[in-house]
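Below sits a lone chain in structure tokens, taken as the form predicted alone.
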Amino acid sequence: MQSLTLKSLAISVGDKEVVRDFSLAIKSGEVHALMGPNGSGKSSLAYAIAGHPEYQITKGSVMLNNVNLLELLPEKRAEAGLFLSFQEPPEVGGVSMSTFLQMIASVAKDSPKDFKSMLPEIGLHDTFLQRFLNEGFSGGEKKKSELLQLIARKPKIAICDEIDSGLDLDALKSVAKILRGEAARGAGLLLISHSPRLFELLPPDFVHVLLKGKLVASRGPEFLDILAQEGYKAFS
């Protein structure tokens, strides 16, 4: 069984602490929702776990199974089985989507090789694969690009930062279906959002609330109804 274990994390950007005393364990097949208002530290947490140099983990530990991710460069964390979909993925001119996906798939066990057949399900034309990576993509297209990369990589643990933003209802249903399939094959998912739309289609096993850099609540999926009625003000 795969697991990502975060213990007592403190994260700083420059001289500002943005996350403190954060602990969480994600196991194979589990779907975790991490929610909170803008500026609560959700993206900072994701970037720090992935090894972004601007987000420094000053305390605590990050273990993927028995591998200490804090000792690894970002690319080695990915090789160990960690995947991060970015909230604002970068544009890479000169590299086609097809080339990039095939490169990812070449190092992943049991990765699909025919990405063209997947495009209609998420509302993309087959010419999408010939476009340069994220270059000129709409917000929704960038999210779909990240989703295709997730499918290609077949990670042990996937952290998705607002994978639902910019998507219409049909695309959101497709995203939920694909993420459900990833969890079914054994991937642990941490889905970051400040909206419950995705979780209405993909009920999480656990719901966590992050406010001002502090994990203030962790409960079951029924917690979504409470949040819908009371919002985050119940914890402020």
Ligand SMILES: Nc1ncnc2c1ncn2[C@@H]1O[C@H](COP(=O)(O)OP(=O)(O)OP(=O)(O)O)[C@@H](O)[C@H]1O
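When you see a residue number, it is the position in the sequence shown, counting from 1. Remember, it's a predicted structure, so these values are computed and weren't measured experimentally.
Keep in mind the form predicted together with the named molecule is missing from the figure; the text below concerns it.
Just one of Pro37, Gly186, Pro196, Pro203 comes within 4.5 Å of the named molecule in the predicted bound form, counting any heavy atom, and that one is Pro37.
At the 4.5 Å threshold, heavy atoms of Gly41 reach the named molecule in the predicted bound form.
Although the partner is absent here, Glu54 sits close enough that one of its heavy atoms falls within 4.5 Å of the named molecule in the predicted bound form.
Within this chain, Glu162 lines the site of the named molecule in the predicted bound form, having a heavy atom no more than 4.5 Å away. When the named molecule is considered in the predicted bound form, Leu215 lies well away from it, no heavy atom lying within 4.5 Å. Of the candidate stretches 24 to 32, 54 to 62, 177 to 185, 164 to 172, only 54 to 62 has residues whose heavy atoms lie within 4.5 Å of the named molecule in the predicted bound form. Counting a residue when any of its non-hydrogen atoms is within 4.5 Å of the named molecule in the predicted bound form, the hits in 1 to 33 run Val13, Lys16, Val18.
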